[in-house]
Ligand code: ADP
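Shown below, as C-alpha cells, is a lone chain in the form predicted alone; questions about how it binds or moves come after it.
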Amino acid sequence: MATTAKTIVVQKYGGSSVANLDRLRSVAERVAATARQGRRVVVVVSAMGKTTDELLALARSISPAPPRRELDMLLSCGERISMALLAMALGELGVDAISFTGSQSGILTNDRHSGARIIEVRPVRIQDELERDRVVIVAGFQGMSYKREITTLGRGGSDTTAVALAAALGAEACEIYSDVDGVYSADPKVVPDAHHLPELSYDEMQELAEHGAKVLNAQAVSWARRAGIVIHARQTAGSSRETRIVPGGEADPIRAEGLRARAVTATRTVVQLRTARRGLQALSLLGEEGVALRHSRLVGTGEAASLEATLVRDDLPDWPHTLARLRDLGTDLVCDEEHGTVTAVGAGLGSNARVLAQVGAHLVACGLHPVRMEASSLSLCTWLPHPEVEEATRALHSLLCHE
C-alpha cells in the first residue's frame, strides 16, 4: 500500500526566542509538538540573545576594524551554540535530532565576508536525516564560500538561511518566529498606535526590509519570491496573530484625496557618499570591499564621472578602512552621516506628485526639516537630521497609514 509523503516545514527562531535555557526549552517543546504531528521539521536558529553583539564588541576591543574573515570565524560560533543546545533539549524530550552548521547543510555563498549572499543550497545531508525522521537543526546566518571559507550573511541572515532551505527542500511553509507577532504599520516602540498587518506582498515587504524594518531580512524575501514560498512571521509565545508574506498581497486602493501607505519605517544609520569625479573608480573600490549599496547614481563618463551612493552603516563592519581608501582616491569625497531616512511604502505612492507635495508640507508644518526626498512607484523616502527621525516617523504614519 502506498504511503503518503510527509510534508516539510522550516521554522526559524530568532535570538530572543532562544535567549536563555528556559526559552530554548520552550522552543524545543514547540518543535517536538510539530514533529509529533507527522511533519518533517527543519529548524534554523540564531545566536542566543545578544551573543552576536557581544562577540562583535569583543572583536572591536581587540581591533577597531577586525579583518572580515576572522570576524566571520568568530561570529559564526554564536549559532553553533544554539543549534547544539537545542538538539540536546529535543533529545531530552525523546525527539531524535541532529545539528548542522551552515557549511554542513550545503549552504554555498559568494566570497564576501560579513555580508555574503547565498548562491546555491545543496541540502543532501539534511534530506538524508529527514528520511530517517530526525529533526534537523541548522545554524543560521552562515554558510561556506566556493573557496571553502566560513562566511556570514549579515544582519538578519538567519531569515535568509530559513527561506533558502525551504525553497531547496520544497517545504510546505517557512515560519519565522521572533518576539513580535508579525509586521506592523510602523515600529510600535516609536508609533504607539501602529496597527498589525495580516498580509503583505513580497514587493511591499522587500521595500520595508531594505529601508529599515527589522522583522524580516530583504534577501530572505528575494528567495521567497523566486521560489513562491509563503512566509509566516509569528511570535514565539504570547500571540496567535501572524503576518503572511505572499505573492500579491492586499492592495490599498487609490483614494480621492491621495494614496494610502501600507507602512512607514526608518533607518538612522544611513551614509550618503558623493564624489565630484572618478565615480567609476569609487564604485570599483566599493565592490572590492564588498559594500552593498542601497541606492546609487553615476553621472558622466571617464574621470569626470560623479557618483552618489547610499549605504547602511550597520552593514559595514570595517567602514573606517573603506572610507580611508575612498579618500585616498582623490575623488573630492563628501560623506554625510548626519541624516537618517523615513520611508513610506505603498502601491503607487511615490509616483503621485500631490502626495509628495503633501508629505513635504506636512513635515515642515510639524517643525521638521526634510532635506531631500526619493520616490519610486512603491515608496517615498525622506531624509532628515538624525534627531528628527522618530518624530518624522510618527508624523508620516498619522498622515498616510490610516486603518
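As the structure is a prediction and not an experimental result, all values here were calculated from the model. The first residue of the sequence shown is number 1, and the count goes up from there.
This next part talks about the form predicted together with the ligand, which is not shown.
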**Asked** Just one of 301-309, 127-135, 211-219, 288-296 has heavy atoms within 4.5 Å of the ligand in the predicted bound form; which?
**Response** 211-219
**Message:** Which residue, R148, R313, K189, R327, is the contact with the ligand in the predicted bound form, using a 4.5 Å heavy atom cutoff?
**Reply:** K189
**Complete:** Interface check vs the ligand in the predicted bound form: of I245, A261, A164, V183, the one with a heavy atom inside 4.5 Å is V183
**Message:** If we define contact as a non-hydrogen atom of the residue within 4.5 angstroms of the partner, is E172 a contact of the ligand in the predicted bound form?
**Reply:** no
**Message:** I'd like to know whether Y177 contacts the ligand in the predicted bound form, with contact meaning heavy atoms within 4.5 angstroms.
**Reply:** yes
**Asked** Going by heavy atoms, what in 14-39 lies within 4.5 angstroms of the ligand in the predicted bound form?
**Response** G14, G15, S16
